[in-house]
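Shown here is one chain on its own, the form predicted alone, set out as structure tokens.
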């Protein structure tokens, strides 16, 4: 995994809030994404986890340029797409697609399955004869596990899992290189979740795809991801290979997330340490000074309230933004 497919450098996405009715005045900035740097390589799945409200979905939509970033840079397949718009941006959209969370809301109820899957092909100005286009759509349906005899049906005639398969077929229709998966299984039954995850794995091998897989269920992310980034209050607080993250978590927030995952062995479940976080996620409009996690951290120090921690190296490809990893600081304690 050496070819870089998608990169973010100090990416920021702020949303202004206003007060007043007649004379609207800017009140504050919601810092939804606040200085994120990450890389996605060819053929890998990078998981992105964190609790609701931490900025995962906003980061995904900014990377795909549904939002124009406030600051920072986005590179897609070696091209800077940060400030592109119009035709220039549409040209690069064929390289990146998105699978949305809710299969009941992401499909137009007035369009048939054929029109839904064919839409991105037409949008990318790939001119195909009608019969050729129908065959392409039918093949895509078979690829994602749907019978092509349903090609004239509408979304309301399908179950949630089948709708998500349609959404996946739409995403791979133009053979993108990167797909952003925004909690694609969270609205589905557990049995269906496994089928969709296995389908995504199969498609990744067949089409050589790279995934940014966004989810709040860390067990699902563990199953599908090669590396995992942990996000808190708009920042990446830890990044590591999947096994390293689960085997040796370094950031207190990561440890708390992992301690909340149920274990299949009841004996291990009874004896393991539970890390309970007190308080709520701070407002992204008024983030705390210093480390963003210090208001809930069981091991906070005085420096945590004043200084934003840099990314400390905890191993090969393993980084965490926590002062507890500062050997110089801990030697003085």
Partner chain sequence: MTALLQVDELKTYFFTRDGLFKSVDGISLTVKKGKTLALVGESGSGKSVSMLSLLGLIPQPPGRIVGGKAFFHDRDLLHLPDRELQALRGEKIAMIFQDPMTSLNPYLRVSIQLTEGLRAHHNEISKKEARRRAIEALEHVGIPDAKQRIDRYPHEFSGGMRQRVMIAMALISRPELLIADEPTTALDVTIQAQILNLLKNLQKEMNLSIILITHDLGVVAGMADEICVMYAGKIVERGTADDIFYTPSHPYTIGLLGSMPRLDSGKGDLKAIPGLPPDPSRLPKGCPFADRCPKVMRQCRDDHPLPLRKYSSTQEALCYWEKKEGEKT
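Residue numbers count along the first chain shown, from 1. All values derive from a computational prediction rather than experimental measurement. Throughout, rigid core stands for the largest set of C-alpha atoms superposing within 1.5 Å between the two forms.
If you look for the form predicted in complex with its partner chain, you will not find it shown, but the lines that follow are about it.
Colleague: Taking its partner chain as it sits in the model of the complex, is residue 88 in contact with it (heavy atom to heavy atom, 4.5 Å or less)?
Modeller: No - in the model of the complex, heavy atoms of residue 88 and its partner chain never come within 4.5 Å of each other.
Colleague: Does residue 277 reach its partner chain in the model of the complex, with heavy atoms at most 4.5 Å apart?
Modeller: Flag for residue 277 set to yes.
Colleague: Is it the case that residue 77, even though its partner is missing from this view, gets within 4.5 Å of its partner chain in the model of the complex, heavy atoms only?
Modeller: Contact check for residue 77: no, nothing within 4.5 Å of its partner chain in the model of the complex.
Colleague: At the 4.5 Å heavy atom threshold, is residue 128 in contact with its partner chain in the model of the complex?
Modeller: Heavy-atom contact with its partner chain at 4.5 Å: absent for residue 128.
Colleague: Check 218, 222 and 260: does every one of them have a heavy atom within 4.5 Å of its partner chain in the model of the complex?
Modeller: Looking in the model of the complex, the three residues 218, 222 and 260 all sit within 4.5 Å of its partner chain (heavy atoms).
Colleague: Exactly one stretch in 262 to 270, 30 to 38, 301 to 309, 284 to 292 has heavy atoms within 4.5 Å of its partner chain in the model of the complex; which is it?
Modeller: It is the stretch 262 to 270.
Colleague: Out of 173 to 206, which residues reach within 4.5 Å of its partner chain in the model of the complex, heavy atoms considered?
Modeller: Result: 189, 190, 191, 192, 193, 194, 195, 197, 198, 201.
Colleague: Just checking, between this form and the one not shown and with the core aligned, does residue 306 shift 2 Å or more at the CA?
Modeller: No, its C-alpha moves less than 2 Å.
Colleague: When the two forms are laid on each other by their rigid core, does residue 272 show a Cα shift of 2 Å or more between this form and the one not shown?
Modeller: Yes, residue 272 moves 2 Å or more.
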